[in-house]
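Just the one chain here, the form predicted on its own, laid out as structure tokens.
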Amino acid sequence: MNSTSYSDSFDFDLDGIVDLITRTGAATAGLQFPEGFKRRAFSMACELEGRTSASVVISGNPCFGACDVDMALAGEVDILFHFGHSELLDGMDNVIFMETPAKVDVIPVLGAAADELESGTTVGLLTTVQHVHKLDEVKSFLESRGLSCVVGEGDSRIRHPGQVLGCNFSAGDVECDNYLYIGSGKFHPLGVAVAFGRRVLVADPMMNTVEWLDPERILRIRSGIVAKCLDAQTFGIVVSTKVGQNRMELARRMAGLAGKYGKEHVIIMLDNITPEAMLQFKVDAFVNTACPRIAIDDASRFNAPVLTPVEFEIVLGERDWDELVFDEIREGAK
């Protein structure tokens, strides 16, 4: 799929944005996109400036989720449009979350998915915000094929039933035999599989593919990282300044545990947690309290092993090995 067709597969609601800018009389508007949508930034800014009297500024910073609002840009403009995510945090009066739903037809891939799922079983339906508006259609189709479907509500960080985030799988907390995840990528469904111990079938409507996920490989990798850190003595405990990722209380608790077991440690606070930013910190291992994906997706690129808080507790002996799960940022968790 080329870049043009990819961007055209999502509803950016330009008419709605123009209407809101006009009604509010905003003189300046900001646009913030996740990486996959930034290819639309230039043309969208030009169109908005042509159709309104607002001056448009684009955020060039990385954007990893609704937890990662460009607060500096939000402070410079009258209104900021944040694309590709549902609202996560309250109190951002001039930030408008544009969920950017996918326009792709999900029925073709559901036929293949139904063939993989045993008739008469109960399926937990999960997806991202791009496809969540299709869940009623998905449920009706699958039930016509002899399957029972359940959709979890999730906790307060979840805006739509059945929605999963990269840091929150609470919508998967339902009674079911297997899960069907509708969307692209493997991180979200892998997290669900590990969290709840059930099989997950991934149906990607953009690529029209169906695949059962096997979490064993990632669990073996994570177990290897934990084992590598059993003799570690110095730890950098990483905290994010991003508004939706900051878990300083958790970092301080990790620091307290490190001290309890006689481990040298320091808390490191920064915005974008990249291998390059961490290169000069000479520690045996890092403990990541920011976005849970950092420890999973980019682990091999860091100069030292990156542990999640749960894995750090296993290293210290505070948890058993069979308690290894993906890190989550849940409602009320610190």
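Position 1 is the first residue in the sequence shown; the rest follow in order. Remember, it's a predicted structure, so these values are computed and weren't measured experimentally.
Omitted here: the form predicted in complex with another copy of the chain. The next part is about that form.
Among residues of the shown chain, Thr241 is one whose heavy atoms approach another copy of the chain to within 4.5 Å in the predicted complex.
The closest heavy atom approach of Leu73 to another copy of the chain in the predicted complex falls within 4.5 Å.
Residue contact check for Ala41: one or more of its heavy atoms lie within 4.5 Å of another copy of the chain in the predicted complex. In the predicted complex, none of the heavy atoms of Arg293 sits within 4.5 Å of a heavy atom of another copy of the chain.
This chain is drawn without another copy of the chain; in the predicted complex, the residue among Phe81, Tyr179, Phe235, Phe169 with a heavy atom within 4.5 Å of it is Phe235.
Arg252 is the sole member of Arg199, Arg145, Arg252, Lys228 with a non-hydrogen atom within 4.5 Å of another copy of the chain in the predicted complex.
Contact residues in stretch 253-285 (any heavy atom within 4.5 Å of another copy of the chain, taken in the predicted complex) are Glu264, His265, Val266, Ile267, Ile268, Met269, Leu270, Asp271, Asn272, Ala277, Gln280, Phe281, Lys282, Val283.
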